[in-house]
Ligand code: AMP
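The chain below stands alone, shown as C-alpha cells; this is the form predicted alone.
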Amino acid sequence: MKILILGQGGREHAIAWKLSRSEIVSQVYVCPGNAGTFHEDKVTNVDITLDQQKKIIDFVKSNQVDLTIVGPEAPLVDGIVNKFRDKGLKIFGPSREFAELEGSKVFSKKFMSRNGIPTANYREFNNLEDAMSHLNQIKYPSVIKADGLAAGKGVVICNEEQEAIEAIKKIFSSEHSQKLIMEDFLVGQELSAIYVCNFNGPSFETSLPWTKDYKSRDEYNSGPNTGGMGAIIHPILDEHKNTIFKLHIEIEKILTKTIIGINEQLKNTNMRYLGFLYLGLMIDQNNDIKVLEYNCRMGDPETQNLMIYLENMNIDFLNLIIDKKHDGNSDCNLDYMNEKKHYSCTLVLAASGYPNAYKKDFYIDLSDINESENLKIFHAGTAMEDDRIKSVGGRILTINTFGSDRQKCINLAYENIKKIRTYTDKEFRNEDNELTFFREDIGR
C-alpha cells in the first residue's frame, strides 16, 4: 500500500514511522512533513501545504495513493474528507459535520448535555458584555474555553477575576472565535482515551492504551496551557486491576453514547463517524469520570507515546485502521491486566518563549543520541537546511522511551533529552543552551 499522512508535526512523524514498519506498506508520503520524516526509510516529504487541497487530491490521484490519513484538526474542520469522498478517494478521518465535535466547544457541550454524557457544568456566551457580567457568579479557579480551534491553546484556567477578564477580552478580540464557554474547574487525574473508529463501522472501534498528556508549560502543572509538554503510558498503572476494569467499562459507555449520538444526529448525511476519536477525561478521587473535550484526531504528544508503545507490543497500527475484520470491540488496553506491565514516556523539547512568541531559526545537534527499539526521536517544528536540522516551531521534537520499569523508562528519556545541543549557527560554533526548555517532572 501507498499511504499519505497529512500534517507536519510530531504526531504525523510518529504515525508515518509506525506505518512504514508495516509489512503491507511500500511507501509513506507526508504532506508537508518535517526534518524527522525526511530521514525515515520508506517515507517521503511532499512539498504541498495543507490549505492547497486541490493539489493534495491531484497528488493522491497521480501517485495512486491507497489511503490518506489526516493528522491535524484544521483540515478536518475545513472539510477535506468531504472533498476526498466526492472524488471517490479513500481517506481516514471524520467529515466536516462530524468534526464539529472538536471544531466547536459549544457544539460538543450541547451534544454531551443532549446525550447524557457527563461533563462540567457550563455557560455559553457570544458577546463580551454578557460574559463579563457573569464573572460575579463564578467560583475560582474557573475554566474559559474559546469556541473554535486554537491549536491546543484555547483553554485558560483562571485563578482570579483579572485573569478571567483578560481571557475573555483575548478570545473576543481573536479572529478565530466569537463565542466562549465558561465551565466549572474539575479536579482529578486527566486521561486521554483514544479510539480508532475504523472502516468496519460502529462496534468495531479499537481502544488504544490510555495516556496522560501534560498540558501546562511548567512543573507542578503551572504556567500557561500548551499543545502538550509530555505524555506517559500507563498513567494509572498502580491502581488495582478491578478499579482499572471498572474505569474501562465506564469509558466504553461514554464512547458508545458518543458514537450512537453523533451518528443519529447526523444521520441525514448518509455517513457514519470514521477516524480517530479522542476522549479527554477527568477522573476524580471517587473514580467518577467526566469528559473535558472531544478531539477528532490523535493527540500530540500522545501519538508519539503510543506509537513507540505499539511498536514494542508488535501491533500493526495499519491493521486497526483498514478493513481487516476482527471480533467486535478490540482493545489494546489488555496490558493493564497482565502481571508484567509496560511503560512509555514522552518528553517535549520546546523553544524558549513557547507557547507565546518563541525563538526559532536555530540549529539542533542530535548526534549524541543513539536510537534503539526503546528510544525514538519524533520531530515536530523542524526543517532541513544544508544537511542541518533547523528549529522552526514552538514544540521542536520529542524524546520517546519504552520499558518494563517505570523509573528506568523516565530516566532514559531525561538522560537523552539532556544530550541535545543547540546552536545559533549551522557550523555549530556558537552553542546556546538558553534556546530550548523541557519540563522536569513528566511521569513523576
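Residue indices: 1-based, along the sequence shown. Bear in mind the structure is a predicted one, so any value in this text is a computation, not a measurement.
Although not depicted, the form predicted in complex with the ligand is the subject of the following passage.
- Taking the partner from elsewhere, every residue among Lys105, Asp184 and Glu190 has a non-hydrogen atom within 4.5 angstroms of the ligand in the predicted complex.
- Between 80-88, 257-265, 366-374, 287-295, the stretch whose residues reach within 4.5 angstroms of the ligand in the predicted complex through a non-hydrogen atom is 287-295.
- Using a 4.5 angstroms limit between non-hydrogen atoms, Lys179 is distant from the ligand in the predicted complex.
- None of the heavy atoms of His134 is located within 4.5 Å of the ligand in the predicted complex.
- At the 4.5 Å threshold, heavy atoms of Ile236 stay clear of the ligand in the predicted complex, well away from it.
- Mapping the unseen interface onto this chain, Leu128 falls outside it, with no heavy atom inside 4.5 Å of the ligand in the predicted complex.
- For the options Val143, Ile171, Leu149, Leu277, the one in contact with the ligand in the predicted complex, meaning a heavy atom within 4.5 Å, is Val143.
- When the ligand is considered in the predicted complex, only one residue from Ile244, Met282, Ile165, Ala74 comes within 4.5 Å through any heavy atom, namely Met282.
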